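What follows is one chain in structure tokens, specifically the form predicted alone.
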Amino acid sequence: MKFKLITIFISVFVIFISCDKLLPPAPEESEILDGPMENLSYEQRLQFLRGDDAFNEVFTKESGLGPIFVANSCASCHSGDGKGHPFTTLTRFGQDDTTGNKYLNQGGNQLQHRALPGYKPETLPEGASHSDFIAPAVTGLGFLAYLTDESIIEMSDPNDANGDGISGVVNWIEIPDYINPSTSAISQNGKYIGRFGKKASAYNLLHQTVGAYNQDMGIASFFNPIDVYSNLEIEPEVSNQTIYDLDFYLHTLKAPIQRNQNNPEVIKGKVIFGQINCGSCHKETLRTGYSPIEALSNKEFHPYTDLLLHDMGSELDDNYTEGSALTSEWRTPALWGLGLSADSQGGQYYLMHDGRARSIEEAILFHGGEAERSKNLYLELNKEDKNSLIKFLKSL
């Protein structure tokens, strides 16, 4: 009997070891976007995990979904915390001027194109302009959240005073009552600096989170108790604690880690990136101000963005505005994590605000307006230099 038990134990052990060898190795941290930033306390890691659960929660009719909606979970639009796929495209609608959205009483500013059985999905109001948005990656957002208003304003150049053809501007937005601006926030005529979203129309990550629950999933909260279908106030369908946990999760997702930094071609590509003036908008290095989250306080980071609006030319003019952002103006997207974008998009790149570019080079060629000169300088590069630049961008 004893011999038989030993034999069984050895057999199970051998099977376990064999199966372990068949499993793929764990990916390097630089090869994935999700995961917490370093130096969080034990309590902060617990809150991060609760936020992770909230991010992946799948809502149903019973838990408050809809009745009209875009998606049934955060993760369905941000797989692996990365960029979205055209299948989960968001459609925003409104107007072509900056006088304010005229369609808020008709379900604006986001189209809920799916519905529970027995309900009809929303349709675009007659006369409304609209634009399609691909969901962005959500990693590293805490660093952008704690970049100071002063730093953003210092990078702006509305009148192109330095004559480089780049005139990034701030999107001054009205903020909802539940937002308490930071003590260092700068306001202008009662408006504050937007920094999140394709047109920088969200003030902070709480603003973004509450809006996503309501407009993406039809989930009412204490902060926004309005039902997207009836336009009436209803009881909250998600707790305040869950909102705070998800907000914390978005703040403390790690920043994307650059890969192959010492590769000679990557190094050469980075030099070319600077030579053709891409860094005028895609700022490599920024620094946070004070944050109550110590891991984010006064930290240098490398997002390759200035969080400003830039005129991108007629080809990217979607005839749609948000806040003070004009129809052809878009917030500079952070380039960190760019090389991993296809991993969350089914192996195919879908870049620019609406996913129209199917490669990094195609995204470059869609640049116009303030970026026209940089695009033309790219076109003048020889094939080897273009390849080095693309290799650098894929390393981010």
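Numbering starts at 1 and follows the sequence shown. Just so we're clear, the structure is a prediction, and the values are computed from it rather than from any experiment.
Only in words, not in the display: the form predicted in complex with ligand HEC, which the text now covers.
Is every one of 203, 255 and 340 in contact with ligand HEC in the predicted bound form, taking contact as a heavy atom within 4.5 Å? Negative, none of the three is within 4.5 Å.
Notebook entry, point to check: Given that the partner is absent here, does residue 363 sit within 4.5 Å of ligand HEC in the predicted bound form, heavy atoms only?
Noted result: Yes, contact at 4.5 Å.
request  = Answer for residue 227 alone: is it within 4.5 Å of ligand HEC in the predicted bound form, judged on heavy atom distances?
outcome  = Judged by the heavy-atom cut-off of 4.5 Å, residue 227 is well away from ligand HEC in the predicted bound form.
- Message: Is residue 55 near ligand HEC? Define near as a heavy atom within 4.5 Å, in the predicted bound form.
- Response: Yes, residue 55 is a contact residue.
Q. Is residue 208 a contact residue for ligand HEC in the predicted bound form, using a 4.5 Å heavy atom cut-off?
A. Yes - in the predicted bound form, heavy atoms of residue 208 and ligand HEC come within 4.5 Å of each other.
- [ ] Taking 4.5 Å between heavy atoms as the contact cutoff, choose which of 173, 296, 286, 281 touches ligand HEC in the predicted bound form.
- [x] Comparing distances to ligand HEC in the predicted bound form, the residue within 4.5 Å is 281.
In the predicted bound form, which of the listed residues (266, 325, 166, 220) lies with a heavy atom within 4.5 Å of ligand HEC? Of the candidates 266, 325, 166, 220, 166 is the one lying within 4.5 Å of ligand HEC in the predicted bound form.
Quiz item: Okay, which stretch from 155 to 163, 75 to 83, 183 to 191, 100 to 108 lines ligand HEC in the predicted bound form, with non-hydrogen atoms inside 4.5 Å?
Solution: Heavy atoms within 4.5 Å of ligand HEC in the predicted bound form occur in 75 to 83.
Open item on the list: Pick out the residues of 127 to 146 whose heavy atoms come within 4.5 Å of ligand HEC in the predicted bound form.
Closed with: Those in contact are 133, 134, 135, 136, 137, 138, 141.
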